[in-house]
Ligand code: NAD
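This document starts with one chain, in the form predicted on its own, laid out as structure tokens.
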Amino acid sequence: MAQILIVSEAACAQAVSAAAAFDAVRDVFAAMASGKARNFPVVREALGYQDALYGFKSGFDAAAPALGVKSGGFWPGNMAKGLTNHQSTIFLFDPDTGQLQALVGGNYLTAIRTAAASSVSIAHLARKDARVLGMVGAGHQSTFQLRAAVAQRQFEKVVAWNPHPDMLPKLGAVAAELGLPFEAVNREDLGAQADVIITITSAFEPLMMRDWIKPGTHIACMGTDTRGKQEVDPALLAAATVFTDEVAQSITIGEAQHAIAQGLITADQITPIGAVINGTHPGRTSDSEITLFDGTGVGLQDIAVARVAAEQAQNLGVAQIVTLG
């Protein structure tokens, strides 16, 4: 008889800390860059119903080993119903037999693994003396991003902009909880002040322009994960040293898709962040260099944090076990 572990959203929140997510995402990025882990092609489609996007992300990590798939998407009307717009479930399989091992809630894990990815990029690419954090976006994932970012540098202030200003106080409350002054600013002022900028929106147009970004800034573009989406000026990628989670996704569904389409950069100018983690690429080479991380979100991130969730939830006694005859 087969046993399947079921890990709820509440159990995931108990089982996976931001630090654990950071370690899992860093390690899987390193495995990807060394050729030990690979993502499979993404399926992501507009349903033509409820304005929803739905799809699958999957992959195999031989270093773990781990095999799995995340199924889910984005329902923009969910917030009005008291639900999280992002909805997903992660399926883990036994790499040796192909049998289903676990069903893991994917909403909390998607938020914390996305924040972990930008946090990994800040740890490896931002200037050591970065003191002002800029947040573009104030939705559900922004608070995860803010909490993860402040663990990597000694930030002294947070500046933020959101297309709906009424959403900014929630982000400001998290900054206050973290002991950081918070200021709502326009986008140009944000670029002028920030040493690190995180964009986490669902925009389809550039929100930050090249001329607004000062030398030495690190930008983590975390919202673009679908063809057509866009958060920054393509000229900004041309001016920056560009890193990503996976080049194939970066140039097709990530922030780099627009700069690639306009011929401003080529795929071989984009470096996997895992190469920096592994020490085969130097990362930032000067304090004046602009670095940009194109975080497209890969299935292996989800699988990595789901494995942590399954293991820790079981250890904590907060997972359910279902036996199938």
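Residue indices: 1-based, along the sequence shown. No experiment lies behind these values; they were computed from the predicted model shown. Definition used throughout: the rigid core is the maximal C-alpha set that superposes within 1.5 Å between two forms.
Form predicted together with this ligand: not shown, discussed below.
All of Lys214, Asp233 and Gln269 within 4.5 Å of this ligand in the model of the complex, heavy atom check = Answer is no for this spot.
Which residue, Ala148, Met222, Ile90, Ile219, has a heavy atom that falls within 4.5 Å of this ligand in the model of the complex?
-> It is Met222.
Pick from Leu103, Ala123, Ala184, Met167: which has a non-hydrogen atom within 4.5 Å of this ligand in the model of the complex?
-> If I apply the 4.5 Å criterion carefully, the residue I get is Met167.
Is there any non-hydrogen atom of Asn78 lying within 4.5 Å of this ligand in the model of the complex?
-> No, Asn78 is distant from the partner.
Close approach of Gly191 to this ligand in the model of the complex, 4.5 Å, heavy atom = Result no; Gly191 lies far from this ligand in the model of the complex.
Check whether Gly172 has any heavy atom within 4.5 Å of a heavy atom of this ligand in the model of the complex, and answer yes or no.
-> Although this ligand is absent here, Gly172 would stay clear of it in the model of the complex, with no heavy atoms inside 4.5 Å.
State yes or no: in the model of the complex, is some non-hydrogen atom of Arg153 no more than 4.5 angstroms from a non-hydrogen atom of this ligand?
-> Although this ligand is absent here, Arg153 would stay clear of it in the model of the complex, with no heavy atoms inside 4.5 Å.
Name the stretch: of 174-182, 123-131, 201-209, 235-243, exactly one has residues whose heavy atoms fall within 4.5 Å of this ligand in the model of the complex.
-> Selected range: 201-209.
Which residues from 97-129 come close to this ligand in the model of the complex, meaning a heavy atom within 4.5 Å?
-> Residues within 4.5 Å: Thr110, Arg113, Thr114.
Any chance the CA of Leu53 moves 2 angstroms or more between the shown form and the other one, core superposed?
-> It does shift by 2 Å or more.
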